[in-house]
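What follows is a single chain, given as structure tokens, in the form predicted on its own.
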């Protein structure tokens, strides 16, 4: 269970970083940064990306890892401390809607998989635009729940799951697109006064048998998915889902020799004019 002051998804998010770290660090390397750049990571969460940025900027750059959660800042400090040679990393308690930094202070701002947790994403992006230098980059890494984790299970189950996710999203977020921020990032960037540029999608492919981190992440993800959609699935499809995710079932994704997992995430780059 996550700490009381961490969100319910904290454990799953950390395991996601462990399972797909190679591909996520590739996304960090795709952001154009000058030598010695000063970069803001907000909200920094568990510190995975702050550490990856600091590793890339070593030895002359600086990363400021900012989050409103003291618990997450503690995790971020611990994560950064586990890495080897890094550029300087500072930590700041900060509200994404009112960043405690001067205008034009950073060469780049990094925001990873956080817009869904922000009630006013455009306001947050406007703040990111304010603190980045003219010509600087705001880099947003986001995903789409309908295509984030793709498993090669029966098509009928996949279709029912997609429908159930849409209904559950509408109930919780007021929109069937509530869990799909990647579909709206470009519009939000434009509304924030940024100039959208290159977009790149990163694919993490894992065939069975899954390695330990991938299996641990998939178990958490599927457990969360079941809890989210259970009331919207017909009884027979809920039973099919339970069989597909039960490690004791010979037909589950954890025991099938032909099982495959694809995880997609998209990097959006925008500049301040």
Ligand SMILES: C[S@@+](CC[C@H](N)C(=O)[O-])C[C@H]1O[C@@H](n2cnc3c(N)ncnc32)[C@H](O)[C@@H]1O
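Owing to the predicted nature of the structure, the values given are computational and were not obtained by experimental measurement. Positions refer to the first chain, counted from 1.
Form predicted in complex with the ligand: not shown, discussed below.
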Query raised in the report: Within 4.5 Å of the ligand in the predicted bound form, heavy atoms considered, which of 94, 161, 137, 168?
Result: 94
Query raised in the report: With the ligand left out of view, which of 202, 72, 101, 153 would have a heavy atom within 4.5 Å of it in the predicted bound form?
Result: 72
Requested in this report: Choose from 109 to 117, 173 to 181, 144 to 152, 83 to 91 the stretch whose residues reach within 4.5 Å of the ligand in the predicted bound form, heavy atoms counted.
Outcome: 109 to 117
Query - the ligand contact in the predicted bound form: residue 217, any heavy atom under 4.5 Å - result: no
Report task. With heavy atoms only and a cut-off of 4.5 Å, decide whether residue 254 touches the ligand in the predicted bound form. Result -> no
Query raised in the report: Just to confirm, residue 17 within 4.5 Å of the ligand in the predicted bound form by heavy atoms?
Result: yes
Query raised in the report: Given that the partner is absent here, does residue 43 sit within 4.5 Å of the ligand in the predicted bound form, heavy atoms only?
Result: yes
